[in-house]
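A single chain comes next, written as structure tokens; it is the form predicted on its own.
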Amino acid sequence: MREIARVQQGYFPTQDRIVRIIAGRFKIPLNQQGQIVVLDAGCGTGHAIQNLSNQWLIQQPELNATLLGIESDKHRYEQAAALLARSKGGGTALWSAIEDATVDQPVSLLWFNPPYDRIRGTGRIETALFNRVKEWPARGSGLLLLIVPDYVLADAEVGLAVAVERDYEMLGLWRYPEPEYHDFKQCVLLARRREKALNKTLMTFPRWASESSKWPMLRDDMKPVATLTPVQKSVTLRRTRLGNDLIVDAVTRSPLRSGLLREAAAPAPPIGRPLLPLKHGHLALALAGGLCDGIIESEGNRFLIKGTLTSAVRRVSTKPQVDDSGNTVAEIDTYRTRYEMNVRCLRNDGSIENYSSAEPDELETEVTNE
């Protein structure tokens, strides 16, 4: 991502002309039962879906559309919350990262223009975020409006096209017109969520994604290709966890701020002796966790130690079995599984010392098939 994009958290709002063209791809229901719920995951100031709704209201003044947005930047979230609340059908925004948010009911349309960037060592952020939000539209009727760079969607290694194909039925795919296409090579994908996702093991790279050179360009004279379907229940946005920004903001405005800062800046208390003496169990945990491997130093001397933890079945006792006359007829051995700790120490002079928690030899009788 370009440095200016990093500063803005990948925020580049959809241009008004593009929103106006996209709005024409939807057919508005005439006899609406319920409400059209539009959710913008990464809404910025909320201007895109507000503009989208205004275009629909020109076609259908009686449209009942609720606008919802998720935004991680606090300043933009405050603008979005105020703007969406003033929309005709009402609306709200949630201050949260996309990864930390969810909805309690499916929506009619998911407007998704995610940040464009790579995740070091794991792929693209567009794919990761899509997998987080893909289940939010209603099954069988909910729509997805996805805006991403065309080279991301057409790249088989990114995996975004396969992820979309598995859960959504393609309705339309277009490139941005010029001059908007020049900066980020964006494309617009419109799809309907399937009733049931396709079998992941049988998925291949979709043909529509491999033919990116044939994708048409958005035009003002294009006809609608998708019908908006109302939902019957109101949708509530909520957080699944608290992000660092929210925690820091709450602490900053808290009357306990001074006390919290003093505690955070206070030096760490001195570590005294252990409350209880170390026992075999503590050493066993250290060995199992790999903490007894490597070079240690004590009083100027260096040692190379290697610790192992093994289990062995050992005889712990032998008791006679007597009959009714008091005669010994057999001996009963009791065996238990013991964990034995072994530490080998290599000194500077080449000598090796072994330390073990194994029992004395006379009790170390192994279990045999006899």
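All residue numbers are counted from 1 along the displayed sequence. Note that the coordinates shown come from a computational prediction; the quantities given were computed from them, not determined experimentally.
Omitted here: the form predicted together with a small molecule. The next part is about that form.
Inset, instruction - Please name which of the stretches 211-219, 94-102, 148-156, 134-142 has residues with heavy atoms lying within 4.5 Å of the small molecule in the predicted complex. - result: After filtering at 4.5 Å, what remains is 94-102.
Inset, instruction - Select from the listed residues 115, 172, 230, 89 the one whose heavy atoms reach within 4.5 Å of the small molecule in the predicted complex. - result: For this set of options, the contacting one is 115.
Legend entry - Partner-contacting position among 81, 237, 286, 129 - heavy atom within 4.5 Å of the small molecule in the predicted complex: Of 81, 237, 286, 129, the residue with a heavy atom within 4.5 Å of the small molecule in the predicted complex is 129.
Inset, instruction - Decide whether residue 24 counts as a contact residue for the small molecule in the predicted complex under a heavy atom distance cut-off of 4.5 Å. - result: Heavy-atom contact with the small molecule at 4.5 Å: absent for residue 24.
Legend entry - Contact label in the predicted complex: residue 68 to the small molecule, heavy atom within 4.5 Å: Contact with the small molecule, no.
Inset, instruction - Evaluate residue 73 for contact with the small molecule in the predicted complex, applying a 4.5 angstroms cut-off between non-hydrogen atoms, and reply yes or no. - result: Yes, residue 73 is a contact residue.
Inset, instruction - Considering only heavy atoms, tell me if residue 43 and the small molecule come within 4.5 Å of each other in the predicted complex. - result: Answer yes; at least one heavy atom of residue 43 falls within 4.5 Å of the small molecule in the predicted complex.
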